[in-house]
Every structure is written in structure tokens, then in C-alpha cells.
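The form predicted on its own is given below as one chain in C-alpha cells.
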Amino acid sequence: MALTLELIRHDVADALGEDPADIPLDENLLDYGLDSVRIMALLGRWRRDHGVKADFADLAEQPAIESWAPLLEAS
């Protein structure tokens, strides 16, 4: 399965214990409680399941789903 914006949103929401509809695509996820440990866990999952090659530093620098999509090569 390809990594999509909606799948990223779903995984982030799952990590935060939130409803995916409550997670905006364009806002700073740190404001929603996402921290470095959760980013690392998400990145590990995406590397394992989707072959993502992005670096943690790139995701931490721009913590918004919209910004992550190109880094994660999401469709």
C-alpha cells in the first residue's frame, strides 16, 4: 500500500490518540502533542512498511503533514 496524505494523517492521529479528522494537514503537529519520540516511531513504521527514506531531522524541522508528504514521497 502506498503512503498517502490520509494514511499519514491516520497514523499521526493514532499516535496521538485523536480522530484523524481533528488533525490538520497544514498545522504544526507539535501544537497537537506530537513529540520527537512519536515522530521517530512513525518514521520507523513508515520505513518498515513503505520503504520511506526520509530523515528524522527533516520531519522535525517541518512538523506538518503537508510538509512531510514530499519528504515521505506520499501520493
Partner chain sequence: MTALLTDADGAGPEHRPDAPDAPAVELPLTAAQSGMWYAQSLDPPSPAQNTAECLEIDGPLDPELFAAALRRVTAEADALRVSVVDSPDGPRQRVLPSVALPLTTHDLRDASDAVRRAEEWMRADLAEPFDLTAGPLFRHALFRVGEERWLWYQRIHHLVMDGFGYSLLVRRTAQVYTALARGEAPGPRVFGTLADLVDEDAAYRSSEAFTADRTHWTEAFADRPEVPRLAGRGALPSRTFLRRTAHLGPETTEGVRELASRLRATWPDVLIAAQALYTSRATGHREVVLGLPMMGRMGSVSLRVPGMVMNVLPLRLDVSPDATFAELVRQVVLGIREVRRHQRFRYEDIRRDLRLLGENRGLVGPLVNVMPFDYAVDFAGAPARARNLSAGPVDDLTVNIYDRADGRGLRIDHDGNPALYADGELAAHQERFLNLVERLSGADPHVPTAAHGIATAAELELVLGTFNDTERALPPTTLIGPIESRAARTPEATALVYGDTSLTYEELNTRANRLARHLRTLGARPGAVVAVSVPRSVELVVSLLAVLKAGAAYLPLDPDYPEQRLAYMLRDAAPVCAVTDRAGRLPEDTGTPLVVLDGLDVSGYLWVNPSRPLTPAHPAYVIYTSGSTGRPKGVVVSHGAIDNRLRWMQSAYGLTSDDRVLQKTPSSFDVSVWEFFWPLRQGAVLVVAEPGGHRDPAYLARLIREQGVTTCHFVPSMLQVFLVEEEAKACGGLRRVFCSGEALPRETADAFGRELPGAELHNLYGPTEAAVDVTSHACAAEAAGPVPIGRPVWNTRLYVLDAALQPCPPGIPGELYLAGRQLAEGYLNRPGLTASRFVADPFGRPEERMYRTGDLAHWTAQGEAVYLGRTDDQVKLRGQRIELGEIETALTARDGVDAACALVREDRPGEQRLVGYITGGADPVAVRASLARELPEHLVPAAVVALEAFPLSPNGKLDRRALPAPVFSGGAGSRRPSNAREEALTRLFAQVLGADRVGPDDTFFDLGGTSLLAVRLVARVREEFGAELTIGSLFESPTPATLAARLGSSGPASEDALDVVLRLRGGDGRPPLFAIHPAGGIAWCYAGLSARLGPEQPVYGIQARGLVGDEALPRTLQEEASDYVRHIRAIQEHGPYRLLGWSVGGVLAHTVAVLLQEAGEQVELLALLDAFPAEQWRERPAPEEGDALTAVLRMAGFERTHERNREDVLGTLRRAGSPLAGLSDRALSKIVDIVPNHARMMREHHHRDYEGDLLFFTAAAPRAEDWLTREAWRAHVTGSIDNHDLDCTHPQLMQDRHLDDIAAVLAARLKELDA
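Numbering follows the first chain given and starts at 1. Just so it is clear, the structure is predicted and the values come from calculations on it, not from any experiment.
Below, we turn to the form predicted together with the partner chain, even though it does not appear here.
- Although the partner is absent here, residue 43 is a contact residue: one of its heavy atoms lies within 4.5 angstroms of the partner chain in the model of the complex.
- Not displayed here, the partner chain is approached by residue 17 to within 4.5 Å at the level of heavy atoms in the model of the complex.
- For residue 21, no non-hydrogen atom is located within 4.5 Å of the partner chain in the model of the complex, even though that partner is not displayed.
- Residue contact check for residue 66: none of its heavy atoms lie within 4.5 Å of the partner chain in the model of the complex.
- Interface residues of 35-73, taken as those with a heavy atom within 4.5 Å of the partner chain in the model of the complex (partner not displayed): 35, 36, 37, 38, 39, 40, 43, 47, 55, 56, 57, 58, 60, 61, in sequence order.
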